[in-house]
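The data below hold one chain only, encoded as structure tokens and taken in the form predicted alone.
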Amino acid sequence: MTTKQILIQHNQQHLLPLLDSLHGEQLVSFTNQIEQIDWDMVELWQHPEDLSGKGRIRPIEGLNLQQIHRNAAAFRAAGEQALKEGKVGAVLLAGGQGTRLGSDAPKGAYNIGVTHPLYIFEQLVSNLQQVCDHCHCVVPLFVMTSDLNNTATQQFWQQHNFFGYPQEYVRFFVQDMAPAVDFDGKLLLSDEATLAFSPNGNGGWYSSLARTDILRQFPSVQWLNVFAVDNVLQRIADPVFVGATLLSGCNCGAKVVRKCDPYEKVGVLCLEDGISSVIEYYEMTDEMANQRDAEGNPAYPYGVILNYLFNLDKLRFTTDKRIPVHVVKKKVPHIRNGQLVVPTSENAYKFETLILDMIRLMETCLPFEVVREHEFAPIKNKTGADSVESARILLQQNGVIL
């Protein structure tokens, strides 16, 4: 099917004049953009999935700190064996920029040092390197970038000699993008030859990775530890976490922290119709938030921190077509009649998938509790809560020299 036929079939005739006005590389780029669109996702604007309803929600059993401590030796032995056999890879979700930190550079390139430079990427690599040194192994590291920061990210890693990590074990891949449409379903342009694309949400990490040949380069990998760029304290490929998940027989594991109050704004691990799932904090009723178990403890204590261990065989049966697509209203700058339009209110739909929705698709998930002060230092803001300031304090408390 030609590009013209694709546009007509999907009611995008307003873009047809571009096929005549564009030439050379611009025309090639534009036609490639059109031909790579996931139209099933884009056309959800007309009939978005109903994501408001939940099934029967019940508490989930997990491993608390005391249980982990009692079984740590067995968990660690199983995890170290898997790591030494090359069964574990790590996936760093790093497609964002440091906009909220006052930087246009990749977020991982932000300097959190005080007396010397210390970059977010550098600290995360150091966390992973500690595990590798202890287990006498090297964990393949797959870094997800975006069209916005891919070149800058790769250059940054090269300039810093991959922060001492073996370069042959690091691979970069670009997150899939999804186009924005206006409220009539018409594709928007960011310039005269480029659609207004944005990353398709952190739930698109696996589909983006699977479109490459990266996993085939490491055939022994059976588990992927996925983590976000903004938590500088997290332990990656943690052998105790890996071993506990493997021995549990679950298809995935999730590092969690005990909620600091019933209404903390974090996703909560639970069972939905008997299947492992994550419920958002705003979906919890007052009754659920304050519910207690037989011992008087909170029934829903486990807040997720975006550090997951996924079984690769199970992932291969889980495609992005099955992940719920969230259709969200956003303000999207765009070109109209040759002029840049910067909207002051929502004017378009964006399409996003969320990694927390993958937990339900995996069917079984082991909640693995970690000490908040030792493994959770998110950097969302420059100052205040969950900021560069708060992360620096926690890093210093854990012995990191800034």
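All residue numbers refer to positions in the sequence shown, first residue = 1. For clarity, a rigid core is taken as the largest C-alpha set superposing within 1.5 Å between two forms. The shown structure was predicted, so the numbers you read here are calculated from the model rather than taken from an experiment.
The same protein also has a form predicted together with a small molecule, omitted here; what follows describes it.
The small molecule is not drawn, but in the predicted complex it has a heavy atom within 4.5 Å of Gly95. In the predicted complex, the small molecule stays beyond 4.5 Å of every heavy atom belonging to Asn225. Contact annotation: Asn127 falls outside 4.5 Å of the small molecule in the predicted complex, judged by heavy atom distances.
Contact check for Pro239: no non-hydrogen atom falls within 4.5 Å of the small molecule in the predicted complex.
You can rule out all but one of 296-304, 275-283, 227-235, 160-168: in the predicted complex, only 227-235 has residues with a heavy atom within 4.5 Å of the small molecule.
A heavy atom within 4.5 Å of the small molecule in the predicted complex is found for exactly one of Arg100, Arg76, Arg258, Lys314: Arg100. Gly201 is the sole member of Gly267, Gly243, Gly201, Pro140 with a non-hydrogen atom within 4.5 Å of the small molecule in the predicted complex. After superposition on the rigid core, displacement of the C-alpha of Cys260 between the shown form and the other one stays below 2 Å.
Core-superposed comparison between the shown form and the other one: the Cα of Val328 travels 2 Å or more. Note: Gln97-His116 Cα separation is 3 Å or more longer in the predicted complex than here.
Between Gly98 and His116, the Cα distance is greater in the predicted complex than in this structure, by no less than 3 angstroms.
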